[in-house]
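Listed next as structure tokens is one chain, alone, in the form predicted on its own.
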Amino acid sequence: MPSLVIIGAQWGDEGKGKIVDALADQADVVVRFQGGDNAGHTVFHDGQKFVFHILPCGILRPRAMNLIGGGVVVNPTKLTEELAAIRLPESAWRRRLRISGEAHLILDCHLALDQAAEARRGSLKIGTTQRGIGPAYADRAARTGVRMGDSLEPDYFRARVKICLDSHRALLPKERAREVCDVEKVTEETLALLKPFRDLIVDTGVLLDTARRNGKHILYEGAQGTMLDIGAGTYPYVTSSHTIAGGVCVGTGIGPHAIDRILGVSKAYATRVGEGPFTTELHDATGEILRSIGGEYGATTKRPRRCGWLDIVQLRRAARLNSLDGLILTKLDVLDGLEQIGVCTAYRCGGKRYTEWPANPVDLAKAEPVYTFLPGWKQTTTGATIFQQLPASARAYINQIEHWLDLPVVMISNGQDRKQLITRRKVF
């Protein structure tokens, strides 16, 4: 009865979409457990590119039931647009999709609050996607939020909307508040948007427990990455949800013993979008090469990603935080043309050498990477279908990563297509 969790092991954008899509072929249930439409999971299917923001990546697989868990914040407009964009017949997506009644809604007031807060921060901005994610999660914590399940009873829904909007009206400019804090208008428009989903609202915990007891394969799909976790990430430059494996339980309604295996996804190098510390960032031609060849632009924001060498100190933290059973390495092919490849194995700050993540955020901000350089392979890896077909230096690179992390690399992605995936160990 394997239940498999796929977690981003870096700052997001690791290629989880492709991995989840590939593994969804073996899954009976695919579950998103946190985040919102600030996520951007890219899947290439039959020559077409799909970017999923709210929908689980298994939605293209006819056999998989896809769940949006209670830890997700849902913008009803974006969900409607996303379903239209993938061009599945309504009968198909209604058969394949269920949504937790505990999932909180993103309303227009949340977008307005997000945009206003980021503008006020000026040079201290966090770099949010300004999609209302943070304010929606803040409302959940403040107990002023509105949930999917609330929409099942219109009068109750209106009362919850009023509580939510009343708490924000004074925080916005008067004209903007009039636009987004009209209780009757917001209630009416949101209920209309949610009407097609009313009969898809479920208790995901019960559904998942039943699936597990019946021996079904369950795939949990994380959004963003470990270092963007609200608690364990590079705070305050983080997202507003728990992106680590522990978030699965609070975001779906299952207990820890219901998880069998946890795999982290990491690029063969490192990237980050937005502000915050990034010790291995490259500000030279090599960084530009990684960005250009890797197509390193945000799937959601289109912003250029910051690029750098792989960071073992950071990945060691991710392995511990998530209790990783293995690593999935993506975008190996991006390194194909390089003469040498850097890997950060320690940090140096104030005369001290760190092999573990610094507890002091000031030390982290000042840390300098200690690099080990390994030979590149100057050969293509994209045609390899088994590990032994990779160039010798590519195999040595992967073996060294395993040694440093004391963690097996169980899968390797060497191209965009779902078929360009080397499986070294069975994961389901």
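The numbering used is simple: start at 1 and walk along the sequence shown. Keep in mind that what you see is a predicted model, and the values were worked out from it rather than measured.
This next part talks about the form predicted together with ligand GDP, which is not shown.
Would you please decide whether Arg305 lies within 4.5 angstroms of ligand GDP in the model of the complex, comparing each non-hydrogen atom pair?
Judged by the heavy-atom cut-off of 4.5 Å, Arg305 is in contact with ligand GDP in the model of the complex.
Taking ligand GDP as it sits in the model of the complex, is Gln400 near enough to touch it, meaning that at least one heavy atom pair lies within 4.5 angstroms?
The answer is no: Gln400 has no heavy atom within 4.5 Å of ligand GDP.
Does any heavy atom of Pro408 come within 4.5 Å of a heavy atom of ligand GDP in the model of the complex?
Contact check for Pro408: no, nothing within 4.5 Å of ligand GDP in the model of the complex.
Does any part of Thr42 reach within 4.5 Å of ligand GDP in the model of the complex? Heavy atoms only, please.
So Thr42 counts as contacting ligand GDP.
Thinking of ligand GDP in the model of the complex, which stretch from 370-378, 356-364, 42-50, 389-397 has heavy atoms inside 4.5 Å of it?
Every other range fails; the passing one is 42-50.
Looking at Asn75, Thr187, Thr280, Thr330, which has any heavy atom no more than 4.5 Å from ligand GDP in the model of the complex?
So the residue touching ligand GDP in the model of the complex, by this definition, is Thr330.
So which bits of 182-197 sit within 4.5 Å of ligand GDP in the model of the complex, heavy atoms only?
Nothing in the stretch sits within 4.5 Å of the partner.
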